[in-house]
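Starting off, we have a lone chain in the form predicted alone, written out as structure tokens.
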Amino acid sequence: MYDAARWNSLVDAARQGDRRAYELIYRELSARLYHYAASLVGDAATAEDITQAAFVKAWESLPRLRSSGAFIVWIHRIVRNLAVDAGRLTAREEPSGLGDGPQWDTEDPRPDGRPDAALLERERALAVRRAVAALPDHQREVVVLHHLGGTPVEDVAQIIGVPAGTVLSRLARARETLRRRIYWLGGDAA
């Protein structure tokens, strides 16, 4: 769970040059930023490069950050800008990079562990990943940030530079598209 006071304390310490505090920030945010980068560029290696570059750039610029409370939005914007600079902000058919990590866990959550249930769950997870990857860029980005990354709507709006109402609209359209695309699996997407 996000604890604003704890995050502000870590960021303040890092702003004063505390490498251990920044290492904690890295450990807690790197997977989230990697998944965001992967959703933007569709390539695991490029997403990893962007994530690393974002942390280096943030470390170098940290003393100039005006508010510790703005750090999470700020570093997401760095990732987004690096993806744009790389010229890789494009739609994909396959969810390369989206399939890695805890946000896309495909383990069978059912206690009975039936093979057919596990297969169905994997098929559903793959269908969802493909459906998210096939969304238009502006919809995919808000879904990844909000639903997969747990970023509040207001922060998503700041990261991508649009009003919160626009984020809500894009989320609604994306959910409807996802609902239609994965309906055939019998799942209730959203």
Partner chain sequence: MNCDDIQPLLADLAVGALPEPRQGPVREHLARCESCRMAFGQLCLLGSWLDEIPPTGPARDLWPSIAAALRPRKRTLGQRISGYLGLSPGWAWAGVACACAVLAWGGLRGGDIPRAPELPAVVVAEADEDADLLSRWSAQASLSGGPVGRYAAAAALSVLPESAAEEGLE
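Positions refer to the first chain, counted from 1. Because the structure is a prediction, the values reported are computed rather than measured.
The following text describes the form predicted in complex with the partner chain, which does not appear among the structures shown.
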Any of the heavy atoms of residue 32 lying within 4.5 Å of the partner chain in the predicted complex? yes
Residue-level contact is defined here as any heavy atom of the residue lying within 4.5 Å of the partner chain in the predicted complex; does residue 163 satisfy this criterion? no
Using a 4.5 Å heavy atom cut-off, state whether residue 65 contacts the partner chain in the predicted complex. yes
Touches the partner chain in the predicted complex: residue 118 (any heavy atom, 4.5 Å): no
Sequence order please: the residues of 31 to 64 with a heavy atom within 4.5 Å of the partner chain in the predicted complex. 31, 32, 34, 35, 48, 51, 52, 55, 56, 57, 59, 60, 61, 62, 63, 64
